[in-house]
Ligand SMILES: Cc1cc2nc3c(=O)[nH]c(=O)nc-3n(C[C@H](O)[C@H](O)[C@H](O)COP(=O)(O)O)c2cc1C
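This document starts with one chain, in the form predicted alone, laid out as structure tokens.
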């Protein structure tokens, strides 16, 4: 951690709900987020999160949770895939309940049981959403907040610009909205809060950290890539996933072949095809993330264009908080005269 003083807290509906200092969530990233990275973010005043499926077995996931608890006493989160393509959703939820995970972030399915059971042990549940329709459904089920996954996000990015999605959800929901997609710095966080978000979820920037246990080629790809290098491919999970363009992704292509697409549409085969595609895609990602391979498939969002160096995760949290305060202060200073001039002009009219 740097020697700079700790930035002042940033209070929002989400920081009060979760008991954290800054409205910054380190997005749970497949094969990237681990106890060390999560703890570093939480200890710095944000909230780190990790997917349960980063571990081969449910018991390994449980041990990872216990290791995380030994590294931080602060709140943290776990991502659960809650659709039928995840054969471990029930047992992983059991573990989250038994270990009293403070926050669960659900993706790709029906979160009803997760919400009910986590609430029974005092946990909170946020749900990934890309549309108002689904956001209203999870609000009705009792979700504590929604993660608005917009265009520009890594992983399963949403189709809608955050400039539209955030105020649209805020206008129609009663629960907090968390902005996800393209956010890298404090000025961007300030803009999302002005649009109606109560926190940001940041993934890609936390890949470029010493704590992220990924191959150096992945980190270097983050540093050298531009927003235009991010493409969407269906070849990983069957639905569009944002990855960095490489010679291998060019060879792989971005669309499913005719047979794969047909099997995914058929009600009888859809579940099994999703499972097969998810397994094959995760194996490809694992090889690229953990070691050198010519099959370079690296998940990332458009924020890569704003990431220039490897920085400790805790320092990133504090840097974003400082940038937020600076951005807000600068905005007020630059526009302080504008309001008085406008008032004077109105009086003259």
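Remember, it's a predicted structure, so these values are computed and weren't measured experimentally. Positions refer to the first chain, counted from 1.
Just so you know, the form predicted together with this ligand exists too; it's not on screen, but the next bit is about it.
- Though the partner is left out of this view, residue 89 does not reach within 4.5 Å of this ligand in the predicted bound form, counting heavy atoms only.
- The closest non-hydrogen atom of residue 123 lies beyond 4.5 Å of this ligand in the predicted bound form.
- When this ligand is considered in the predicted bound form, residue 48 lies well away from it, no heavy atom lying within 4.5 Å.
- Residue 154 belongs to the set of residues with a heavy atom inside 4.5 Å of this ligand in the predicted bound form.
- Looking at this ligand in the predicted bound form, residues 128, 181 and 218 each place a heavy atom within 4.5 Å of it.
- Segments offered: 136 to 144, 112 to 120, 96 to 104, 173 to 181. Contacting this ligand in the predicted bound form at heavy atom distances within 4.5 Å is 173 to 181.
- Between this ligand and the residues 225, 209, 192, 79, the one pair within 4.5 Å by heavy atoms in the predicted bound form involves 79.
- Of the residues given (162, 203, 158, 186), 203 alone sits with a heavy atom within 4.5 Å of this ligand in the predicted bound form.
- Along 54 to 75, no residue reaches a heavy atom to within 4.5 Å of this ligand in the predicted bound form.
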